[in-house]
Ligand SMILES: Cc1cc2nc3c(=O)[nH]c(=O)nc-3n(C[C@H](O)[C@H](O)[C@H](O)COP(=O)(O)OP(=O)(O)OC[C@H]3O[C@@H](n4cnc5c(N)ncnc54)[C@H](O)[C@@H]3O)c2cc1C
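For reference, the chain that follows is the form predicted on its own, supplied as structure tokens.
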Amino acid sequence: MDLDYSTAELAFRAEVRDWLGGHAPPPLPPMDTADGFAAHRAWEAELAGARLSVVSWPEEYGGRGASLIDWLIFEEEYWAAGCPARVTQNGIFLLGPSLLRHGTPEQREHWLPRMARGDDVWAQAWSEPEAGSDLAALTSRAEPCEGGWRLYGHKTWSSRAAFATHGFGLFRTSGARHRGLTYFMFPMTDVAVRPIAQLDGLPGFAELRFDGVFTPESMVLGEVGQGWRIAMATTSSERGLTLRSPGRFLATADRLVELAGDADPVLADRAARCRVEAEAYQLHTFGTARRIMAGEEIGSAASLGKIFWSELDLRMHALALELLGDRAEDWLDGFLFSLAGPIYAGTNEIQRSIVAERVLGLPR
């Protein structure tokens, strides 16, 4: 693997660093409040104005047609500049790649530029109360009607749903277990939303109830009955590359090392180890990006990255609290969020089973 940056990549890094140096916002209110949600959308619209919200997307959809390596460089600079988490991440990092690969030309032309600007903010609607981690067991269904489909059922733990404008998820269109699922996008207008409070009391999630919610035919992604295959591509993006870039953890590790500067040598050593592990994840991810750019699929190996970054993030925030004790206010929100890392995007227990069976070939 080539570890050297090209001249063009170095120039891109300099451009991004310079722009963020003049535009990075002050700390914004939490995105899980109405005011914070609006403030994050305004910031991301500004980012889109500089064509920096989706750098690896084609230019006609608001991107720069940049490589995955450029995207990783952008992410490093973004987090190093102290910029906030993205309220649009469900759309641009999960649905967006699926639309680029499986959407019709009309779907791509309509939805992707809006997603890049933050005009629409998408909620992810995978989980159901009775399905647990077995996504193929979901029971929410879709019935055909004139001009489209009617959606029925109950989804839960839907991130960003309290304030999102649209959602995407799987609904059952036949009795077949995996082949009976279809991938739908839908407006949130007629969906009954019940916010769910996180540990910090804010509605980071919501329950969704569908009682015949209409969505037009044009909101079906891919073919009817092919939802499982598309969803697996979405989850691979989520776990393997786009959901959590190394830049986020490198920035956290740098803060941690600085915090531990004059601390007990044992604690300082643990902080240094976290920095080394963040750098190891960076190198692993650059290798993954190079393989994707060469035409390879990530496949089930994506689960390895998800396990690694979620457990590293938890270790770093726990150590920060250990270092600061009751002065850890600046790290507390991050710590609470890191607790969820081993759970969301598929629990780490499920990811370990995937690695054992599909990567290592061990028996069930």
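Every value quoted in this text rests on a predicted model; they were computed, and no experiment measured them. So that there is no doubt, residue numbering starts at 1 and follows the sequence shown.
Only in words, not in the display: the form predicted in complex with the ligand, which the text now covers.
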Open item on the list: If contact means a heavy atom within 4.5 Å, which one of 254 to 262, 222 to 230, 72 to 80, 117 to 125 is the stretch that engages the ligand in the model of the complex?
Closed with: 117 to 125
Task: in the model of the complex, T234 touching the ligand (heavy atom, 4.5 Å) - done: no
TODO: Find out whether any non-hydrogen atom of E349 is located within 4.5 angstroms of the ligand in the model of the complex, and reply yes or no.
DONE: yes
- [ ] Please check if T173 has a heavy atom lying within 4.5 Å of any heavy atom of the ligand in the model of the complex.
- [x] no
Task: in the model of the complex, V16 touching the ligand (heavy atom, 4.5 Å) - done: no
Task: Residue among A356, I343, A24, A11 with a heavy atom within 4.5 Å of the ligand in the model of the complex - done: I343
Open item on the list: Considering non-hydrogen atoms and a 4.5 Å limit, which listed residue (S245, N90, T182, T215) is close to the ligand in the model of the complex?
Closed with: N90
Task: the ligand in the model of the complex reached by all of F249, Q282 and T285, non-hydrogen atom within 4.5 Å - done: no
Task: Any residue of 46 to 72 that, in the model of the complex, places a heavy atom within 4.5 Å of the ligand - done: none
